[in-house]
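In structure tokens, one chain follows: the form predicted alone.
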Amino acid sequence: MELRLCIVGFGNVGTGFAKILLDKGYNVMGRGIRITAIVDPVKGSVINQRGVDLAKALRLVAETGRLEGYGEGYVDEVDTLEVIKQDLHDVVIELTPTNIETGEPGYSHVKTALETGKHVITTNKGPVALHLYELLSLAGEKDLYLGFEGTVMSGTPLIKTLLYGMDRGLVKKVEGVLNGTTNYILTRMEEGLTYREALEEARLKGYAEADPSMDIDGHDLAAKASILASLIEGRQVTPRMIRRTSLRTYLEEAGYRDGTKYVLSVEPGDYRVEPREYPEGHPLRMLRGVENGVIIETEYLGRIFLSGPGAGREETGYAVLTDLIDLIRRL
């Protein structure tokens, strides 16, 4: 029996996931996959219960930046919530940009999907950082799946390690370099660039946005810290509960110091985002460029070090795929 997917948000992650599905021939774990809708407020939307041609959609977006010209099923403007409510889909893949302040519109997308009986997979940090346990409770009541591996560390399986690999009561601390933009900047400063030069280079390479405050002021790390803290604590921890030191302020006041990394640190009752200096040979100091890594301190197993890509189009698309595989196994 086919699984019918609605993709909400067709940016980098959405197109990365679409390419993976194409490579796999619309088949995951022996289960056929049909895309019944792609919804994007900027690029336009395609809704077709017989299935959206991903190759055609990807080609149009690559050539024009929009889905206009797709043909049957193309709609310039739609009410996203009304599309989500339709009985055309079994799973909603929510991939819209993160809003740390309110979680919207992703929060409403996820909640509406669950309320109307759809499984949900998301890479959107906002709804998870602000409303994880509300959404998990709703999914539980409806006997539905909520996957959010891609919210932290892209496709590297940190979330599943914490959820399925160990009891949260055995995790004493999580500490990690989990923002590729700031790690790239600090790596290049270690190699001799000034902060301004490293930031501009990160912009040119596409690692930093025109307004980099989400990364260099620690808002992205605070959202990730709140997600990890919520999993470890078994209760909702929001970004406002994270003690956050801006990397920009630190560098302007103290300057670069050898071995500096911008990290999150989570242990019961103590959640921080701050620059820290690490000695030679420390696993977090050895992370270069946009690479991510995390140390999980456990009660009996000791320290576990997990590293891998923390961002990227297909890397985060792979996180969506692993959640989809998890859902299919449960079904």
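For clarity, every value in this text was computed on a predicted model and none was experimentally measured. Heads up: residue numbers just count along the shown sequence, starting at 1.
The protein also exists as the form predicted together with a small molecule; that form is not presented, and the subsequent description refers to it.
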| query | finding |
| --- | --- |
| Of 76, 209, 253, 79, the one that lies within 4.5 Å of the small molecule in the model of the complex (heavy atoms) | 209 |
| Answer option from 113, 178, 128, 228, heavy atom within 4.5 Å of the small molecule in the model of the complex | 178 |
| Full three-residue contact with the small molecule in the model of the complex, heavy atom 4.5 Å, for 37, 89 and 94 | no |
| Close approach of residue 14 to the small molecule in the model of the complex, 4.5 Å, heavy atom | no |
| Non-hydrogen atom contact residue 311 with the small molecule in the model of the complex at 4.5 angstroms | yes |
| 4.5 Å heavy atom contact, residue 109 to the small molecule in the model of the complex | no |
| Location of the small molecule contact in the model of the complex, chosen stretch of 135-143, 178-186, 244-252, 155-163 [non-hydrogen atom, 4.5 Å] | 178-186 |
